[in-house]
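Just the one chain here, laid out as structure tokens, in the form predicted alone.
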Amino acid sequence: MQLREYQRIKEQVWFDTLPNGLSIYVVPKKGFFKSTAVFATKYGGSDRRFKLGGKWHDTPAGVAHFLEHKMFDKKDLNVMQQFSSYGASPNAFTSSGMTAYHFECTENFEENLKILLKFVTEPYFTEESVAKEQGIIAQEIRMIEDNPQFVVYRNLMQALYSENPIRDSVAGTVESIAEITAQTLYYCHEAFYHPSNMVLCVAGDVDPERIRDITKEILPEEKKETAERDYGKNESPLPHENRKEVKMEIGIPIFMAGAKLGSRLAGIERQRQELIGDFAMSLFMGKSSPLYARLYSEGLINNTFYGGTSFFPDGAVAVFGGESRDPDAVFSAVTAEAEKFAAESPDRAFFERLKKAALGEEIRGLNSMYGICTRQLPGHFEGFDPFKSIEILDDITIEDAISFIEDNLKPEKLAVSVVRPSK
């Protein structure tokens, strides 16, 4: 295995790519009590149309999430009980761009790693078990659709985008999951759950060479074709719709506003854009900012107000929102302040304090084994090194932050989603 050393943060990363295409990253943390492994595939809720074997395939919304649920079902064993017998706590998640399976443990790490690698790569589905899961996930979807936070986000994505699959829930709809069959799951597992489309990330008091050897023993040796994805036609930089508003059983209106962040970037440029975006939004409207203090004192926002960026396959957005009795007044105040941001220029001492806080946050994250692993996933899939975030943060200037706000928080670029009380 090869070694990367980061002297400033005193970290090491061992990495290797096996002949079957699987990439492995191991971050040794000597003396730490807990160890974590994350086994992930570059297959998420947005990967609904793909080309494999020279043929395009369309799948229903929600297959990736459905597949995540069904991977824990096996014919003759209980995966959760297996992990439990070795003292591990397993779980999984599906996002728009990936599905990840993981566990944490304080002992029996190698035994738990073998369970993880086997159950994720050995599917077992029947039509009966799929029908049963459809009922379970349908209930989950109905609960999600009754959540105003989900509704305000989904409506914003539908206002911003005309075709991108980020418009739809990762879980799909009750109607879309009804189309899923055992054969659908087997085909999508075959297409995306192979080593050359996957990554294994480990952090803890572990032996990197031993992890590589176990992985080589368990996973198939052949390297397979990686599917080509289609996320729809190129979208306008302007919103598809300017506003979406609905009513629900809530006590106070909630809103979310957002803008598309231009063309999709990859590698270090993608990493830099995300870091600049989050930092700029914090500088402009974070809880320590003058704008936040003014809006709060005027009673227009409360402590639910937030701002940041969100990245997904073939797109990214800058968003802000929260609870407010007058969402339109907040929107007007934010866009008006954005126009003045460059001319008035934020206080440089405040800028430096905020940068130190961001650097500290990055360093504190290195104490979480799970955090280390999950930060590595988008880094691998998008082609950047998450351990270089501190260097990029160092280089961010106040002019970078000002340009981000000026470019992206213009009224014509923003869409607004509002959920108001039904009574």
Partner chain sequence: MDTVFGKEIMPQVFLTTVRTDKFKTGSISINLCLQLSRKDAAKNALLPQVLLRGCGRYPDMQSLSAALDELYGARVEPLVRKKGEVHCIGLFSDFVDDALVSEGEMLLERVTELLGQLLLFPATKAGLFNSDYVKSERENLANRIRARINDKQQYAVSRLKELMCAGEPYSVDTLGEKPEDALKITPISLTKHYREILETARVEVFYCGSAEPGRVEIAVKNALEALPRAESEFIQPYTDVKMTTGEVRYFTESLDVTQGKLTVGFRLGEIMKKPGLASLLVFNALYGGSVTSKLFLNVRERLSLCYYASSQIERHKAILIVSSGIEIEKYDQALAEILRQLELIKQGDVSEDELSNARKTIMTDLRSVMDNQFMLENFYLSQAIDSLAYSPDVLAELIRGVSKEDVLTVADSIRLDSVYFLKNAEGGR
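Between two forms, the rigid core is the largest collection of C-alphas that superpose within 1.5 Å. Positions refer to the first chain, counted from 1. Quantities reported herein were computed from a predicted structural model and do not represent experimental measurements.
Keep in mind that the form predicted in complex with the partner chain is missing from the display, and what follows is about it.
**Asked** Going by heavy atoms within 4.5 Å, which of 359-367, 377-385, 47-55, 391-399 lines up against the partner chain in the predicted complex?
**Response** Partner-contacting stretch among the options: 359-367.
**Request:** Select from the listed residues T215, S289, N197, Q271 the one whose heavy atoms reach within 4.5 Å of the partner chain in the predicted complex.
**Result:** None of the other options qualify; the answer is S289.
**Message:** By the heavy atom within 4.5 Å rule, which residue out of D314, E323, D278, D168 makes contact with the partner chain in the predicted complex?
**Reply:** Looking at the other structure, the residue within range turns out to be E323.
**Request:** Could you confirm whether A266 comes within 4.5 Å of the partner chain in the predicted complex, counting heavy atoms only?
**Result:** No, A266 is distant from the partner.
**Request:** Indicate whether the partner chain has at least one heavy atom within 4.5 Å of a heavy atom of I250 in the predicted complex.
**Result:** Looking in the predicted complex, residue contacts with the partner chain include I250, since a heavy atom lies within 4.5 Å.
**Touches the partner chain in the predicted complex: Y296 (any heavy atom, 4.5 Å)** = Judged by the heavy-atom cut-off of 4.5 Å, Y296 is in contact with the partner chain in the predicted complex.
**Asked** in the predicted complex, does L18 have a heavy atom within 4.5 Å of the partner chain?
**Response** Looking in the predicted complex, residue contacts with the partner chain do not include L18, since no heavy atom lies within 4.5 Å.
**Message:** For a quick check, can you give me the residues of 1-39 that have a heavy atom within 4.5 Å of the partner chain in the predicted complex?
**Reply:** The stretch touches the partner through R8, I9, K10, E11, K29, K30, G31, F32, F33, K34.
**Request:** Tell me, please, whether between this form and the one not shown the C-alpha of K30 is shifted by 2 Å or more, with the rigid core used for superposition.
**Result:** Comparing the forms between this form and the one not shown, which are aligned on their rigid core, K30 does shift its C-alpha by 2 Å or more.
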